[in-house]
Ligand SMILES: C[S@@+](CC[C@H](N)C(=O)[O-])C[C@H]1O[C@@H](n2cnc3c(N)ncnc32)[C@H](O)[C@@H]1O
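Before any questions on how it binds or moves, here is one chain, the form predicted on its own, in structure tokens.
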Amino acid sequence: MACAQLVGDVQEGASLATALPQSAARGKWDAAQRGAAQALSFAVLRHLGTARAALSALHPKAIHPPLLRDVLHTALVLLRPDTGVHYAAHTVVNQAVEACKRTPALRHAGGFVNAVLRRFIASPDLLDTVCAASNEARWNHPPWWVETLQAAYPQRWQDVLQVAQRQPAMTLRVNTRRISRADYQLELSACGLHSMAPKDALLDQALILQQPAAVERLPGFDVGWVSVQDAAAQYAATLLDVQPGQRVLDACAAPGGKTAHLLERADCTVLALDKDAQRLHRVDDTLRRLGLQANTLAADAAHPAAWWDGQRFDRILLDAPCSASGISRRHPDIRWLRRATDIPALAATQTALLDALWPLLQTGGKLLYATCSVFPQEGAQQAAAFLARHADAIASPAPGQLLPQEPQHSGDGNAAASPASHSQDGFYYALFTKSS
């Protein structure tokens, strides 16, 4: 029932990042209970489009209260054999019925739930039918999202959507001020944790775990040897190429992973901004654990007059607010929370931030624009428009659009032949150098 309630919260517009801690606090869950609720909710949200279509086919009329709908969506996903969560069919049906009996608002609905789920079990072709009839059911993303990817990546849109259905690997960033990557890999092996170092020169601090692990199991985590950070996010600090003694602005810094990475790579002076004062505390906590220092300030990067001291920066990192469409495999609630109308509004915010921060950059300095998005309005189109507006901006080499990828693995755990060399989220990077 806890999972159904969380899925319902998302369908009503709440992010899982907000709903999960609130539910955990109300229920006084321990770490294991919270982890189980999150894993199960992720599985349901990754297959919610199919579950919606299946329930509509099984019972075309509206279902009330919404919690009853959410119980059925959850159970329908758990009855699928391909979700990564394995329960016997009779167990799923019995638990769904019992959950209704224990919930005052649903006590009347046990027989209805039993009937709907047994009808689903008796209809082996139903999933194929609903998936053939609907993009949302087939790809488990809203139709507008699918159409946007089809237009942007005619040859690869299916790969992007398929990767979003797979659980991402856990990637680490070794703090090489404390320990070398090779030595840390040995420490991991001694703890029974096997890892792989990506063959990309820009990812020279990254290690990808063969199996995810709780941070408590990571050697030296509490004393700053390592952080958890996706490979695509680790490109930022390397691309910005900060040199010792330089003055650096991290314009939208929370939760602080990229801020810390910049400081791990160079002895520089960093001003870390975020307009959310509460989230800025996470930056301070991250830096404290890693033994690093930056000036942190709660301020809106789009309005420098309120916080800038007039001294230009040698480097600026703008990890701009965006749709987060590139991390929907890691946060599957995002796909159901976003609306097509959000994208132009977010793109306008990114434009305003770029134009506000560009005058703060020193001649010869570099600004790195980054979004965890796969939508061109927040990537290539934004970068092209910026260059058209600013004659003193020169495009420097950068990866551009990184699409999410996850290597396929064979049954023995070894990576099969795949164009994906390592696990990564979807990101966009554009690097601009100021000519005058």
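Worth saying up front: this structure is predicted, and the values here are computed from it rather than measured. The numbering used is simple: start at 1 and walk along the sequence shown.
The form predicted in complex with the ligand exists for this protein as well; it is not shown, and the discussion that follows is about that form.
For the candidate set P255, G220, G291, G84, a heavy atom within 4.5 Å of the ligand in the predicted complex is found for exactly one residue, namely P255. In summary, among the residues D355, D276, D284, E187, the only one with a non-hydrogen atom within 4.5 Å of the ligand in the predicted complex is D276. By the criterion of a heavy atom within 4.5 Å, A302 is counted among the residues contacting the ligand in the predicted complex. Although the partner is absent from this view, D314 stays clear of the ligand in the predicted complex, with no non-hydrogen atom inside 4.5 angstroms. A residue is said to contact a partner when one of its heavy atoms sits within 4.5 Å of a partner heavy atom; L76 fails this definition for the ligand in the predicted complex, lying far away. The shortest heavy atom separation between A320 and the ligand in the predicted complex is within 4.5 Å. You can rule out all but one of 139-147, 246-254, 263-271, 87-95: in the predicted complex, only 246-254 has residues with a heavy atom within 4.5 Å of the ligand.
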